[in-house]
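In structure tokens, one chain follows: the form predicted alone.
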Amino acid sequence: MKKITCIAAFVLIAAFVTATSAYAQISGKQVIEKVYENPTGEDTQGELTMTLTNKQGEQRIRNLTQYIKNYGDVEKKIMFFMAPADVRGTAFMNWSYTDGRDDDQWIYLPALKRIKRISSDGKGDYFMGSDFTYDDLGDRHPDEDTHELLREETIDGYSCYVVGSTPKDEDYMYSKTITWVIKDSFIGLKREFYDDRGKLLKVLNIIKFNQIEGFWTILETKMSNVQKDHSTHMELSNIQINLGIPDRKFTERSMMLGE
């Protein structure tokens, strides 16, 4: 009996050690780094449909074209508003740096006929009435936050790592974020954003994604502001990858020309 008890205890200890080791194989920071480093191809272009829905259920629909190009040390993105007429000609450009520098961002407002550079203080403003801030449209570097692997969880049938991220900058607009990351593809499936009082502010859900030309591509998202009962639905279509987008596309001149 004593021998059997010892064997049982050994099995339990071995199982605990194995489970602990498996859980410790990856850290919260490593998970977020893998999300950040997910390959996307040299360039991508497509059409965006942005649907804004207020608490009364009223909707506004905006159509955009989007171009992204990866230069290795910097990723450049430009978006052109095509419709409706009141926003047509507006353009937004974002440059994200792999060395952790703050993103450079610009917006062109055709009514003013000038390009405005988005300041650090302005990155907390909401983009064109949507639920995305200018900062949300950038590519936040993993080193800007402290990350903790909170648990593992299954949502929508996907086995995920759940990572809590706290900004190192105490003045950052969010006090923390929590991200659900799919284990096998390292796609961020869901993210919660908490305001400066620690209350849930927004939830980003990835509704649809797929592999296109061998690269995981986000096709449909929804950002919901739970405090304002307002949401922004984004759908990407007519996607083309590695077509060789010219460098001149990512310039202030291109913003003003709308092409």
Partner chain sequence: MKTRILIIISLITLFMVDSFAQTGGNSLNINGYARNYTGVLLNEGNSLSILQNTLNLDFTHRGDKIAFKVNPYMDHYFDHTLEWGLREAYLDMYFDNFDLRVGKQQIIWGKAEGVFITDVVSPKDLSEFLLRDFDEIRMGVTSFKLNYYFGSSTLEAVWVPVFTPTLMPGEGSIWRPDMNFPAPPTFDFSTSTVKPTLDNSELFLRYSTMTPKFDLELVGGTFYYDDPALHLTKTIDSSTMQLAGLQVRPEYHRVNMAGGSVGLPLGPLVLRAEGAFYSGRYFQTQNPAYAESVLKKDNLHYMAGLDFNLAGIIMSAQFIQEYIIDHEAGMQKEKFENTMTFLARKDFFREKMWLELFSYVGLTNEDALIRPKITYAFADGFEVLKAPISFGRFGQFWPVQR
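Positions refer to the first chain, counted from 1. We call the rigid core whatever largest set of C-alpha positions still superposes within 1.5 Å between the two forms. What you see is a predicted model; the values in this text were computed from it and never measured.
Missing here is the form predicted in complex with the partner chain; even so, the following discussion is about that form.
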property	result
Contact residue in the model of the complex, from 186, 158, 92, 95 (heavy atom within 4.5 Å of the partner chain)	95
140, 180 and 190 all contacting the partner chain in the model of the complex, non-hydrogen atom within 4.5 Å	no
Contact segment among 210-218, 55-63, 27-35, 41-49, judged by heavy atoms lying within 4.5 Å of the partner chain in the model of the complex	55-63
Interface membership of residue 126, the partner chain in the model of the complex, 4.5 Å heavy atom rule	yes
Any non-hydrogen atom of residue 168 within 4.5 angstroms of the partner chain in the model of the complex	no
Distance check, residue 175 to the partner chain in the model of the complex, heavy atom within 4.5 Å	no
4.5 angstroms heavy atom contact with the partner chain in the model of the complex for residue 242	no
Within 65-92, the residues that have a heavy atom no more than 4.5 Å from the partner chain in the model of the complex	84, 85, 86, 88
Rigid core superposition, residue 151 Cα moves 2 angstroms or more between the shown form and the other one	no
Rigid core superposed: residue 242 CA moves 2 Å or more between the shown form and the other one	no
